[in-house]
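Single chain ahead, written as structure tokens, the form predicted on its own.
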């Protein structure tokens, strides 16, 4: 999925500003689909608007700058369905933690243990947040399927980390015994 399709997907569900699209793509429900920066969202919205796939309106705010709100057009809805119908790109998974784990042998075991435990705690919190999404009253069957898929993937990752964390920690460098050196 590209930023263009991401913008259309968010606008398909309702009007949004560029800021709201960014927020949803970083910390919201769309953060699992594609990463999008302001530097990619606003040019994509401008192209979509020039192609007639989205429209915009300005809304005055008290004591704040005017905000630009985008809406998907009927042509944009059609284009979105066409983009969803196209062959999917390959999934991309990036993990700073896996880079850390790959080089755990260079680091002290205490640091490896601390980072692994911190990572597990963050994963568990994200899993809890996704599980809470299942309680959303307006949840449709497709959203529920996606959330349950995400919960399953997260559960497998958590279980692997819990059951193999000691193996990772043992890969860390044993610090020399300071008492023996004295």
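In this text, the rigid core denotes the largest set of C-alpha atoms whose superposition between the two forms falls within 1.5 Å. Numbering follows the first chain given and starts at 1. Only a predicted model underlies this, so the values are computations on that prediction, with no experimental measurement involved.
One more form of this protein should be noted, the form predicted together with another copy of the chain, which is absent from this view; the next part is about it.
message = Quick check on this chain: which one of 129, 58, 121, 141 has a heavy atom within 4.5 Å of another copy of the chain in the model of the complex?
response = Flagged contact: 141.
Does at least one non-hydrogen atom of residue 74 fall within 4.5 angstroms of another copy of the chain in the model of the complex? Close contact is absent here: in the model of the complex, residue 74 is far from another copy of the chain, nothing within 4.5 Å, heavy atoms only.
Please run the contact check for residue 79 against another copy of the chain in the model of the complex: heavy atoms, 4.5 angstroms, yes or no? Output for residue 79 is no: heavy atoms all beyond 4.5 Å of another copy of the chain.
- Message: With a cut-off of 4.5 Å between heavy atoms, is residue 16 one of the residues that contacts another copy of the chain in the model of the complex?
- Response: Residue 16: no contact with another copy of the chain in the model of the complex.
Checklist entry - Are any of the heavy atoms in residue 23 no more than 4.5 Å from a heavy atom of another copy of the chain in the model of the complex? => result Answer no; every heavy atom of residue 23 is more than 4.5 Å from another copy of the chain in the model of the complex.
### Query
Which residues in 65-99 have a heavy atom within 4.5 Å of another copy of the chain in the model of the complex?
Contacts from 65-99: 80, 81, 84, 85, 86, 87, 88, 89, 90, 91, 92, 93, 94, 95, 96, 97, 98, 99.
> By the 2 angstroms cut-off, has the C-alpha of residue 12 moved between the shown form and the other one once the rigid core is superposed?
Replying inline: It does not, since the residue 12 C-alpha is displaced less than 2 Å between the shown form and the other one after the core fit.
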